[in-house]
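This document starts with one chain, in the form predicted alone, laid out as structure tokens.
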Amino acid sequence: MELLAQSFHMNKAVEGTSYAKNSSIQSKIISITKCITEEAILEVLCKNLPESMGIADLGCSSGPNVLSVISKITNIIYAKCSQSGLPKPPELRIFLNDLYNNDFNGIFGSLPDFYNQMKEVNGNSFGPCFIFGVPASFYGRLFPSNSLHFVHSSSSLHWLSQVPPELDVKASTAINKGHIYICESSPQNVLDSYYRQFQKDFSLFLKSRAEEIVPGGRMVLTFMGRRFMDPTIEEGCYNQLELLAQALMSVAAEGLIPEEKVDTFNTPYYAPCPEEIKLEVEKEGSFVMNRLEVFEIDWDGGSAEASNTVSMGRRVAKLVRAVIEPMLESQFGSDIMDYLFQRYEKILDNHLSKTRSKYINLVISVAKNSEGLGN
């Protein structure tokens, strides 16, 4: 788990391949779920307006989406306070969390402009707003007890704390050879291993947040997921990861990387279905489910780039590379990355010429069991 925490981060400020420049999918997900976020925040404010309000964005990553999320949340709070005629808004304590190697410096360097923009938009309604970085895994405690009123996490919880231990084996005993995630031909023990790891991680996430969130506090969480129980059907497994496995195997066939390294590489990822999420929320017992919705997004996020200038395969390859390249580099080295993603781009172009593939996304809104809010 410690090794994963060190290698798992989005691509930093590298020209053309950084997450900051290739996170349009995540931005669109945030935009689509804005109304659910607003609803949850207003429910918190309507219960009992705290003097000091704790807000956390978990798995915040880096780039423009981070402060975009925070500005949306703070604008909702300030607008509500202004409409209610309150003399002053609550003091806001905003915590930005991600793993240790996240580009927090990039975020902090953008804060002066963020504060100036917030003052311009909100005028006299803008109150004390303190922003902190919290580097650690969200699969465990991060904050003092009863210190948070609202928790947001977008496009993060489908990433597991680790590769399922049963899959982290030597090539001679690898049970998911030639693949890096669940596929149609994966044996049942591969499916079971991934699901057990998801259950363990999401249960720990819920238990940790239950300690940290005040009674009546809210969470809005989004996942990459699937609609149906069977993880081996096309929308569950025939995704970018399976096509990336094909690219890796083609590079291995040329002798550029050892095939054994592909056989032993598995992604710490799980795309849950609604029933699996509901079950863990109910089992943990601290939260009430207010919403669970499913929506689709094109693999390229409906990019506005002209298709005759940049192919859809290239756009998708850049989006995937920005997320997963650091993990690939830790297994295969950095020298092969450009060539690997050129191969991946061609495989994607071929796939997308035949079908318009979409991400399945799940968003849930939950409230901590309570009769009212604490301060």
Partner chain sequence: MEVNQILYMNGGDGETSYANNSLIQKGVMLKAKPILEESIVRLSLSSNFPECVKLADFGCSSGPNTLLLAWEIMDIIHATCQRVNRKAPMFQVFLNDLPGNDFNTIFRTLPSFYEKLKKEKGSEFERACFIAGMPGTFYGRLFPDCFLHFVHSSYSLHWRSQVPEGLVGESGVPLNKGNIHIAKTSPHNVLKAYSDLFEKDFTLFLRSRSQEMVPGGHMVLVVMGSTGKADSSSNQSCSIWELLGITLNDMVLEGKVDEAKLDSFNLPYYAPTIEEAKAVIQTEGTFNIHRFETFEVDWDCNIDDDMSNKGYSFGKPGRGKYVAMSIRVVTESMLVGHFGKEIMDDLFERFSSKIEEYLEVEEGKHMNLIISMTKNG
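What you see is a predicted model; the values in this text were computed from it and never measured. Positions refer to the first chain, counted from 1.
Missing here is the form predicted together with its partner chain; even so, the following discussion is about that form.
> Please pick, from 91, 168, 242, 293, the one residue with any non-hydrogen atom lying within 4.5 angstroms of its partner chain in the predicted bound form.
The residue in contact is 91.
> With its partner chain left out of view, choose which of 143, 269, 205, 299 has a non-hydrogen atom within 4.5 angstroms of it in the predicted bound form.
By the 4.5 Å criterion, the partner-contacting residue is 143.
> Since the chain is shown here on its own, which stretch among 190-198, 260-268, 213-221, 97-105 would lie within 4.5 Å of its partner chain in the predicted bound form, judged by heavy atoms?
The contacting stretch is 97-105.
> Would you check, heavy atoms only and a 4.5 Å threshold, whether residue 132 touches its partner chain in the predicted bound form?
Yes.
> Closest heavy atom of residue 154 to its partner chain in the predicted bound form, within 4.5 Å or not?
So residue 154 does not count as contacting its partner chain.
> Can residue 109 be called a contact residue for its partner chain in the predicted bound form at 4.5 Å between heavy atoms?
Output for residue 109 is yes: heavy atoms within 4.5 Å of its partner chain.
> Is there a heavy atom of residue 161 no more than 4.5 Å from a heavy atom of its partner chain in the predicted bound form?
Residue 161: no, not in contact with its partner chain in the predicted bound form.
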